[in-house]
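Quick setup: one chain, the form predicted alone, written in structure tokens, and binding and motion questions come after.
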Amino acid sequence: MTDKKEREDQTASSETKGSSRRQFMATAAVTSVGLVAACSQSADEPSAPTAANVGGGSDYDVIVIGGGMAGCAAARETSKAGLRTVLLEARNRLGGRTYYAPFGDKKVELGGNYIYWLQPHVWAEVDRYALPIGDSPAAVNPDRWIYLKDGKPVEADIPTFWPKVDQGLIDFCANSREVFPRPYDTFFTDNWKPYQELSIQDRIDQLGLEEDVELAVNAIWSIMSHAKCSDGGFLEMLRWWAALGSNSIDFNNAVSRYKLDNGTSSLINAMIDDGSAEVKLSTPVSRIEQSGDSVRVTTEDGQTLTAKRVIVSTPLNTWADIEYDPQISDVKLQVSQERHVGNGNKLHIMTKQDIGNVFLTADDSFGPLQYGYTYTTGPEGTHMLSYGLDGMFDVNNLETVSDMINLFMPEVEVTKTYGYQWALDPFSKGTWCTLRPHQFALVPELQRPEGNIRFATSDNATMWRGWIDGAIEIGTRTGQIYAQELA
């Protein structure tokens, strides 16, 4: 675990390499799009909450810190219950680690986007707000599969190669139903305990796969965890598989096929419009103090707000960036400082040629790309989606991205590239959550309230941790808990 002095040194080092939090906000303001209409201020005209604009005094019933899916779900629940709620978001937009932004003449997701009907919380929102669903069948049915081996491209014979890889995935997760007989009640039994120190790579090593199959299995699990297989916890992947019926068809559909047709912002907008929470953008929080039945929140510009309850819906990796009085548990601080392992890149790529329906993989020794596939294709060229483990990879550098793609397909000309470097975002410090092996057992503590503060983010969700569904699960539940407590 990282101690306080080490974290201070790391923070100082990162500030010399990049922007400060406020510099980041100023830079982000240039590229921010689609701000929610319900917000009570614009990014260009920040005004911190004060007693004068609260209405009825300086106290709120609930302050929600963080305007991602979890925070918006929590704010909806508390405000619909009649509680005076304010939502504070550090960025100049809502959405958190979802980000629906322009790419040429279309909009694309730069962060989280995939959903599935076996994810009950997000699918309930789809039904509630009648949100149309987009389908990308090419992602799960490629015509060509090219993978790197010893730095060289190899064209797979899909009819013979995929069954071997599929069996490798099945064998990897062979005990999923035994370990998680009730996937949505993670700790229903203690069957998970013998595996709590096992990494994804540890499990792969147990299987004795042939070399090329192991390359593919490593690539798939490394991109699912968005980390090297030696870093991500085996149980994190096993619970996904169990929750999806323990088969590769539902697994593939869930991780790379279905999305909100009008973008993740359509769900964010629907939740905000459905409630009556006040929304404040460009309002990062620096300190939270508890005294008796009151919680005082201080923003980075020195403004203060008080409330009966607070919900911290910021990413796990940023919890330790806030000062708490009294201090929150050592476990929460240590896990936040150590961080979960999800940290890489996601980018959209346009090629000049119609390259057809292709699938690209590389094992976790190759940082820029582990998983790439055709999104759409036609005479105007091919739109590809690419994921890799290198969070510092320059996703918007056409030459760098071209070199990466040309390792797989030397003849392809890349015309556009667009991504977002979540690792450099001080309000994310990474991508979706995958816990380290030893962190899995700590989830109950990560969910435990600290007095009148509760932590609710997709990173400490019970089942679909790191997914939109997990964010809605824990955000909705936490909002409901406070609605009942303060009724």
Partner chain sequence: MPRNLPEVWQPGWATPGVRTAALLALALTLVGCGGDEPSAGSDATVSAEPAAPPAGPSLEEAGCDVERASKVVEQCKVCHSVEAGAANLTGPNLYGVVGRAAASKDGFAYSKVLRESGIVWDLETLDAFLASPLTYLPNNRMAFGGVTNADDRQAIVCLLNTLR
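In this text, all values refer to a predicted model and were calculated from it rather than measured experimentally. Numbering follows the first chain given and starts at 1.
Missing here is the form predicted together with its partner chain; even so, the following discussion is about that form.
Peer 1: Kindly indicate whether Ser282, Glu399 and Phe427 are, all three, within 4.5 angstroms of its partner chain in the predicted bound form, using heavy atoms.
Peer 2: Verified in the predicted bound form; spot residues all in contact, yes.
Peer 1: Do Gln447 and its partner chain share at least one heavy atom pair within 4.5 Å in the predicted bound form?
Peer 2: Gln447 lies outside the contact set for its partner chain.
Peer 1: Decide whether Thr462 counts as a contact residue for its partner chain in the predicted bound form under a heavy atom distance cut-off of 4.5 Å.
Peer 2: Outside the cut-off, so no.
Peer 1: Heavy atom to heavy atom, is Pro102 within 4.5 Å of its partner chain in the predicted bound form?
Peer 2: Output for Pro102 is yes: heavy atoms within 4.5 Å of its partner chain.
Peer 1: Taking heavy atoms and a 4.5 Å cut-off, does Leu110 contact its partner chain in the predicted bound form?
Peer 2: Within the cut-off, so yes.
Peer 1: Specify the contacting stretch among 306-314, 411-419, 173-181, 330-338, defined as having any heavy atom within 4.5 Å of its partner chain in the predicted bound form.
Peer 2: The contacting stretch is 411-419.
Peer 1: Looking at Ser199, Asn253, Asn343, Asn92 here, can you tell me which has any non-hydrogen atom within 4.5 angstroms of its partner chain in the predicted bound form?
Peer 2: The option sitting close enough to the partner is Asn92.
Peer 1: If you check Asp135, Asp394, Asp205, Asp212 against its partner chain in the predicted bound form, which one has a heavy atom within 4.5 Å?
Peer 2: Exactly one residue meets the criterion: Asp394.
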